[in-house]
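For reference, the chain that follows is the form predicted on its own, supplied as structure tokens.
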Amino acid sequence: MATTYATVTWDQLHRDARLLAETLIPRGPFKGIVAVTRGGLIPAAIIAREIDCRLIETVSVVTYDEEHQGKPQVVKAPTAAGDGEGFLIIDDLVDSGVTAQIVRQLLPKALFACLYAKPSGKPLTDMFVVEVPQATWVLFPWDTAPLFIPPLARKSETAS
């Protein structure tokens, strides 16, 4: 279980996706992108725009139920990508590496890139933007909602 949380904003995610795209351009052109669902969908859309790639395939590997890791299961294979040659795999985060290992087995010739990498998963990605401590749970913009927080002065008024 994560001991700390890191919140990624929409602006930060977009900025990090563009940074990744900038480092990917010299490695292309790519035949297509394989977005690892669900977290890789939005980064893949941003990167596809920036590198001018129109073909986007998906792969879906279910490993988490909320914050608990379970047995991985491929629920949608990336058939259009073949063995991955000329393709770019995009994910939001490589954590334990379980999903990345499965996707790499499916697409051994693809380049694997993600926005954020934890130490356990880092060896499985070819490139990433930011390293995150293993014990940190990353909260993405699609996982959170802005909430009203009362001012601190009001908290002390209600406490007395």
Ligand SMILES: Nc1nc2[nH]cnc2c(=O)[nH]1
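Computed from a prediction, not measured in an experiment: that's the story for all the values here. Sequential numbering from 1, following the sequence displayed.
The following text describes the form predicted in complex with the named molecule, which does not appear among the structures shown.
The contact residue chosen from Q12, T144, T136, T23 relative to the named molecule in the predicted bound form is T136, the criterion being a non-hydrogen atom within 4.5 angstroms. Site annotation in the predicted bound form: the residue of I33, A113, L93, A110 reaching within 4.5 Å of the named molecule with a heavy atom is L93. Heavy atoms of K118 reach within 4.5 Å of the named molecule in the predicted bound form, making it an interface residue.
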